[in-house]
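This document starts with one chain, in the form predicted on its own, laid out as structure tokens.
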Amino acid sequence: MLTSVYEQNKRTLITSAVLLLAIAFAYSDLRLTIYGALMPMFEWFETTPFGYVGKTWGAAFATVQAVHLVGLGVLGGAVIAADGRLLGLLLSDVPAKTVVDRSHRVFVWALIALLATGIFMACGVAMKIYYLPVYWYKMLALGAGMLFHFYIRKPLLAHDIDTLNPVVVKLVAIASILVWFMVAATGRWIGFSG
């Protein structure tokens, strides 16, 4: 019985365990040890070519930041389109599976753009963000968002959506919107913090 429950909910249980470990880690003394050990890596980030360009060429940093923000808008649009359809608020004349699948492709490309431009921007201001607690909150939110999207939402919606419990589908859509809103909000908070 216990084995069958585990097998049916394997990804959800693993993702929940990872999130609980991350929260426990955030409140433990081990966090401070690892946090201190990461400083040389952040110092190195500023010496990379990305760090050099990001620090010295303001126009390059601003251009990459603009692409980052466009990627965030596209990712947010993909999330709103797919989850709005799952909630029955948007695109109700198009099958939910079609909207979810097409939005997922756009989502993946936007996420790749966000990660690539985010790495570039982080290298340019590595020591600044190292000392910003909100940066670490954003990384936690981003990790939770990617885990949720790829290990809970995507596998669940790979099935025929019409056969799933409508309450579960709506809760997944609301959770998805909330987690990606948290990523965007903490990212914006970084801009106000420095």
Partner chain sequence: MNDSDKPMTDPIKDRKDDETAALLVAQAFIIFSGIYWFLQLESVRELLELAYG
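By rigid core we mean the largest C-alpha set that fits within 1.5 Å across both forms. Positions refer to the first chain, counted from 1. Because the structure is predicted, anything quoted here is derived from the model rather than measured.
One more form of this protein, predicted in complex with the partner chain, exists but is not displayed; see below.
Here the marked residues 16, 140 and 172 all reach the partner chain in the model of the complex, each with a heavy atom within 4.5 angstroms.
For the options 40, 49, 58, 155, the residue carrying a heavy atom within 4.5 angstroms of the partner chain in the model of the complex is 155. Using a 4.5 angstroms threshold between heavy atoms, residue 164 counts as touching the partner chain in the model of the complex. For residue 168, a non-hydrogen atom is located within 4.5 Å of the partner chain in the model of the complex, even though that partner is not displayed. Contact check for residue 69: every heavy atom lies farther than 4.5 Å from the partner chain in the model of the complex. Within this chain, residue 132 is remote from the site of the partner chain in the model of the complex, having no heavy atom within 4.5 Å. The partner is not drawn, yet in the model of the complex one stretch among 60-68, 40-48, 145-153, 121-129 has residues with heavy atoms inside 4.5 Å of the partner chain: 145-153. Residues 174, 175, 178, 179, 181, 182, 185, 186 of 173-187 are found to place at least one heavy atom within 4.5 Å of the partner chain in the model of the complex.
A movement of the C-alpha atom of residue 18 reaching 2 angstroms or beyond is seen between the shown form and the other one when the two forms are aligned on their rigid core.
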